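Here you get one chain, nothing else, as structure tokens; it is the form predicted alone.
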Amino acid sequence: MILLNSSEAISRFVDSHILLTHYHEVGLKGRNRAKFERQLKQNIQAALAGLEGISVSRISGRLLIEVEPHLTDDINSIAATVASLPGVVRVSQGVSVARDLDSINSAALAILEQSEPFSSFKVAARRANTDYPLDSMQLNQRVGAYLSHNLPLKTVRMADPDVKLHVEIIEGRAFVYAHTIKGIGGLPVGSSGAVVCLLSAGLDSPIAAWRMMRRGATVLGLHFSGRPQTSADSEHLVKQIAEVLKPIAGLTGLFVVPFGEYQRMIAAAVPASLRIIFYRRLMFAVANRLAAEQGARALVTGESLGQVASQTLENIQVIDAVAKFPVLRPLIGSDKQEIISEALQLGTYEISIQNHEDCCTLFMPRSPETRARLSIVDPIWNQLPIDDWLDVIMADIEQLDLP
């Protein structure tokens, strides 16, 4: 993205430097649209709360961010922050000017001149206010003719131009822009309720959490540490993952359960081949309690079908039998390469591939069961002091301060 300078020549006709925040899925919500727009506006304001001199308002199917002159040097980073928020499809950087043709032409020329190098351009004008004397086609022609006259070495190309210059007449103002960055789309965080995500330091569950945020959910992270049987390495890495997820504004809590001792007791009480099933069922039972306490409406895991022994359809069915909330698996149809690709894009890959001890490697059987049956698992489960364990776990659960 190219930053418009704020020289005296430009400041004579520019009212303000702006970012137009475009959304798509939010715009399809019909009578509920205003609710989603308000949520997205709140999320943008929260993400930019540390900056003085920014205002956010709604205009004609998008959100307008106006940036005061002292922040124009930071406008690229501001745009990148906004584009990283779920619900945002793209962010366009430009200027707001008066609706008179001279101001529009001057702004358009300044933006194109600072878009070098380019050989071809196109004007895409849109008139949202019918009281404006020129319709969209006439505005295209007038601005295009002015630019062609002042940029004689540049070519007007309607198909696939190097630069596409937008002019929009909206609510008594003209917005001129040519530089857009892509957002991540989806729905604004906070518009779809809360979920509890079983969050490890591995590759999968951070992506599952991110996908749920992209669908508008707020996420409570629940991490099972191998302590006291292992070090706290995984907890430190999960904190780093939380730092990556924080700008999205979707991670609202991070809880840690020292789980190693319960794994040891399970390993001593159940057949070796079923240990993993029992570990997972106890994790789900803890997640049930946390979800009920925190007002969450679903559990989330990073499981992918068939990836490991506990993720066969038979074992998933047996594990889910203890869940009291819907269990959402955003990665269930993804392969490992797809997950790695998303982890690289999100920025969690380098964290997750670090060597660390966690509960996943504790007391693992040589030959885990891949086709568990409820008729075998439930009788053993019912003999264990599960409720007593849960009471102690919930009393001892640790809530970490988010970075």
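Remember, it's a predicted structure, so these values are computed and weren't measured experimentally. The numbering used is simple: start at 1 and walk along the sequence shown.
Same protein, other form: the form predicted together with a small molecule, not shown, and the subject of what follows.
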Give a yes or no for residue 280: in the predicted complex, does one of its heavy atoms lie within 4.5 Å of a heavy atom belonging to the small molecule? yes
Is there a heavy atom of residue 303 no more than 4.5 Å from a heavy atom of the small molecule in the predicted complex? yes
Is residue 359 close enough to the small molecule in the predicted complex to count, meaning some heavy atom within 4.5 Å? yes
If you check in the predicted complex, is residue 336 within 4.5 Å of the small molecule, heavy atoms only? yes
Among 241 to 249, 87 to 95, 149 to 157, 200 to 208, the stretch whose residues bring a heavy atom within 4.5 Å of the small molecule in the predicted complex is 200 to 208
Could you work out which of 229, 140, 311, 106 is the residue within 4.5 angstroms of the small molecule in the predicted complex, going by heavy atoms? 311
State the residue from 262, 121, 224, 177 whose non-hydrogen atoms include one within 4.5 Å of the small molecule in the predicted complex. 224
